[in-house]
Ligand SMILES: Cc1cc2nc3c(=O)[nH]c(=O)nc-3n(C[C@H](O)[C@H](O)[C@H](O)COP(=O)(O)OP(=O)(O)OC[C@H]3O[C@@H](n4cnc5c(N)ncnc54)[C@H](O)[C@@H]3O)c2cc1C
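Starting off, we have a lone chain in the form predicted on its own, written out as structure tokens.
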């Protein structure tokens, strides 16, 4: 078997790259370890997408994905103009349709086991598929695995030698909520519209609210969390971060962007022993949080846990050394580049397990990411797209969001099209 491009990882960036290449009649294979596409959008329930600059580039995939999702009543534009509120289950279906329409071949339940390299070029990839080892030839490889697995197996150099980390999340969904009751109570209980918002969109209730244990901000929900801790309904660290959003075409449900999961020592997100412990701990916290919601929030009397994410939400892991290492100074100065693949103004967003240590720099000018930050320094036909890009820790914390990953995938695909 031989392909023009193999995309390893069918998540946000990988799907965008594969779709763009397929639309231009390239023979593309996506190798995906799960039984569905979407990466953190679907397996980790990362919804909604974060809003970014209106001047974004390489947004063809984003536009097409949202258009198709809206046709299925599975996406909305929220009141802040964010078009990225979507249903993660319907997203699996739409991504399948998009790959099929672009004639992209997808291989599920498969992982790479070896990379065959000659000089500075990858010639083929060996995969494990139903206990059989299969070798597949290719001209170009795009690593969109998040953990940069292709780069690792290719012995590429990485830039995160000190392994700076952020806590993981294990998201979940609760159903059976009376959103009319909850939204009426919430709107009156929290008057801070920078934290809590409620809207009627397409005759459905949509809302968002949040709380953290940081004391630098006055949170309306704080007394409820304090009381829950005092009465042993929640453990103190359970309340370090709390955020909820409604979900299009999922009436009576809320998506929880929490809990943060961490231990006294940072989790090594590349160690399955650590990840397994984090998943178990996260599910214990989710149960306590669901009981908290049912006791303290009107409208939750008949609510239940309907979905727990299949995987942890990992914000940062390996980052490859590219032909350009993008820095926080590049980002904050708004440095211009000849071939930008991303234009964004999303803030530097660094989560911490410690009180008052999280960072969200909201006053950001637009910045650009160059294509060279997605080109491996060691292998000439290897590209990366997604959170494993060549960027320092702080810059990566602004670029890891879904719309930027979409743009990276499209930008890499366009570059490959020009050099094939």
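Numbering follows the first chain given and starts at 1. What you are looking at is a predicted structure, and each value in this text was computed from that prediction instead of being measured.
The following text describes the form predicted together with this ligand, which does not appear among the structures shown.
> What is the one choice in 322, 88, 146, 151 with a heavy atom within 4.5 Å of this ligand in the predicted complex?
Result of the distance check: 146.
> Which is the contacting stretch out of 31-39, 367-375, 59-67, 352-360, given heavy atoms within 4.5 Å of this ligand in the predicted complex?
Among the candidates, contact is made by 31-39.
> Give a yes/no on whether residue 46 approaches this ligand to within 4.5 Å in the predicted complex, heavy atoms considered.
Residue-level check for residue 46: yes, a contact with this ligand.
> Should residue 227 be counted as a contact of this ligand in the predicted complex, where contact means heavy atoms within 4.5 Å?
Taking the distances in the predicted complex, the answer for residue 227 is no, it never comes within 4.5 Å of this ligand.
> Verify the contact flag for residue 169: yes if a non-hydrogen atom of it lies within 4.5 Å of a non-hydrogen atom of this ligand in the predicted complex, no if not.
Yes, residue 169 sits close enough to this ligand in the predicted complex that at least one of its heavy atoms falls within 4.5 Å.
> Indicate whether residue 22 is a 4.5 Å heavy atom neighbour of this ligand in the predicted complex.
Because no heavy atom of residue 22 falls inside 4.5 Å of this ligand in the predicted complex, the answer is no.
> Within 4.5 Å of this ligand in the predicted complex, counting any non-hydrogen atom, which residues from 98-129 show up?
Those in contact are 110, 111, 112.
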